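Here we start with a single chain on its own, the form predicted on its own, put down as structure tokens.
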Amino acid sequence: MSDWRDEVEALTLKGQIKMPYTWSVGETGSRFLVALRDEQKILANRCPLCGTVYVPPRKNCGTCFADIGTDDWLEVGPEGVVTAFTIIHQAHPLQPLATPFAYAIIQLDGADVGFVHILKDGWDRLKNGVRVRAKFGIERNGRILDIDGFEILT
């Protein structure tokens, strides 16, 4: 007896499907985003074993894998230092802003890891080591973009 699959040519359809979705950021991420929205504060958390300070906060330490509890939170920033950056000139539908703008890794005061965010202007002064400050949006709704961007300090 012949298997019908041997007699059929496989059909392949190449394409893309846009699948917008949302997901919960959990208790740790929610506490961080609520503080941005309601208090205009940037919260971090500290590993109880190795002392690494994370922003955005994490449930587990990326260095020693320890659980980070609810008592290990602190406020950092809102100022920090740019440790790396790239200026975006090519538009893409998933970008948060119209071009040009910059992504920067910012070492916020009091944190041990870099925090990725945007700078909307001041690229003539943008370089590694420059100090920046978070600028909060007027309308905030519990998203990372409640920080409207960072501005270079003069």
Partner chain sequence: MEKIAIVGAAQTKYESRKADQTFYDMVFDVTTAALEDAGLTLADIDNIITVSNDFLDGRTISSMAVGEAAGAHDKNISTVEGDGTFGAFYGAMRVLGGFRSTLVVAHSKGSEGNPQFISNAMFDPIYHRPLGLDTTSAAALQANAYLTRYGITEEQCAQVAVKNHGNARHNPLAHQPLEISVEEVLRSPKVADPLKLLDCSPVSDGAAALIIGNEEIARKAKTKPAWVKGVAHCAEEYFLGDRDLANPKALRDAAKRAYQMAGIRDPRREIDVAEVYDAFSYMEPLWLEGLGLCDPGQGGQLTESGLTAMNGALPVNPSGGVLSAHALLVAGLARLIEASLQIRGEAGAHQIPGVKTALAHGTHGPCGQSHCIWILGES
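Numbering follows the first chain given and starts at 1. Rigid core: the largest C-alpha set superposing within 1.5 Å between the two forms. Every value quoted in this text rests on a predicted model; they were computed, and no experiment measured them.
The form predicted in complex with the partner chain exists for this protein as well; it is not shown, and the discussion that follows is about that form.
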Taking heavy atoms only, is L108 within 4.5 angstroms of the partner chain in the predicted bound form?
no
P96 versus the partner chain, in the predicted bound form: is there a non-hydrogen atom within 4.5 Å?
yes
So in the predicted bound form, does any heavy atom of N128 sit within 4.5 Å of the partner chain?
yes
Going by a heavy atom distance of 4.5 Å, is G122 a contact of the partner chain in the predicted bound form?
no
Of 8-40, which residues get within 4.5 Å of the partner chain in the predicted bound form if you count heavy atoms?
T12, I17, W23, S24, V25, G29, F32, L33
Any CA movement of 2 Å or more for L13 between this form and the one not shown, core superposed?
yes
One pair moves by 3 angstroms or more in the predicted bound form: the C-alpha atoms of P20 and H89, which are farther
